[in-house]
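In the form predicted on its own, a lone chain appears below as structure tokens.
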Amino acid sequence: MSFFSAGDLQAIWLTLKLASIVTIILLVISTPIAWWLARTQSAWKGCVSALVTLPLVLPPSVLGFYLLVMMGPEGPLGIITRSLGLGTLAFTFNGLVVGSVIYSLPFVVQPIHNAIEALGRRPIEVAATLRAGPWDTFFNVVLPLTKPGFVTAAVLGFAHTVGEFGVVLMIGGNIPGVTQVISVQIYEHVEAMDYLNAHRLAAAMLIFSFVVLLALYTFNKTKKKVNDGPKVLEL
């Protein structure tokens, strides 16, 4: 007898699939945003930073509502997707991906941004004097030196997507096998007063969250020890 029901396993698989896709997309789009924020002197920096950080303070229901309106048949995004023959994104898995990318954006941008800022300009300037191109500088200088920031960003983005509820419920509803992720499945169990299965999923989420944070803390602590020492005494 399985510990989880078939519906729970389906929700778990859908959640992991969603989190994996969203994390990859976020790493791709967050890197240039974080790079620009860390190095620009533009007057638009404050505005862009506020927009990126907005999902941190905005209630998920508010963000989900406006995303639902945008994805609807008469919304700007809905009009574009319909004109391309893709239908509307509301109440679809693709809609969850779009909403999750927007909602988890600050959790990925900020660690990368902080890592690039901490790196400073010196390593990049040295690479430039050695005639390294932009891509060569990024992959062989910036990326290795800011690896902890990227790892933190990936882990936080994945974990945050796994735990989403308000946004995914607003734009995806509760369609089994399509938009019914773990958080929504727990909500459905509670509504049906099926506390046993709710406890099982909730406990799994609790353990997952703790293990992720513990692993991230251990990784960063180990990386810091490696970077801090031992030092050779210079005379």
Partner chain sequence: MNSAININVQLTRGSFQLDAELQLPGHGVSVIYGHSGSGKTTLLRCIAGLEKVAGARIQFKNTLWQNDNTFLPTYRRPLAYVFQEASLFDHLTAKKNLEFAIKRAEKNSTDDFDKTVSLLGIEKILNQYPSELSGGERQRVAIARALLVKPSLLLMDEPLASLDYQRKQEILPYLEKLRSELKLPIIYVSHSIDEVARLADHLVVLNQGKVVSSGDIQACLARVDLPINLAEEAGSVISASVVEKDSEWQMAKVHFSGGELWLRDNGATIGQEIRVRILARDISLALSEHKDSSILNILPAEIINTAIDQHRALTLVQLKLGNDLLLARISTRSATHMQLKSGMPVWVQIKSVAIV
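Everything numeric in this text was worked out from a predicted model, so none of it was measured. Positions refer to the first chain, counted from 1.
One more form of this protein, predicted together with its partner chain, exists but is not displayed; see below.
- The closest heavy atom approach of Pro73 to its partner chain in the model of the complex falls outside 4.5 Å.
- Its partner chain in the model of the complex comes within 4.5 Å of a heavy atom belonging to Ala128.
- When contacts are judged by a 4.5 Å heavy atom cut-off, Gly120 does not count as touching its partner chain in the model of the complex.
- In the model of the complex, its partner chain lies farther than 4.5 Å from every heavy atom of Gly87.
- In summary, the region of this chain contacting its partner chain in the model of the complex, judged by heavy atoms within 4.5 Å and restricted to 106-114, 129-137, 87-95, 149-157, corresponds to 129-137.
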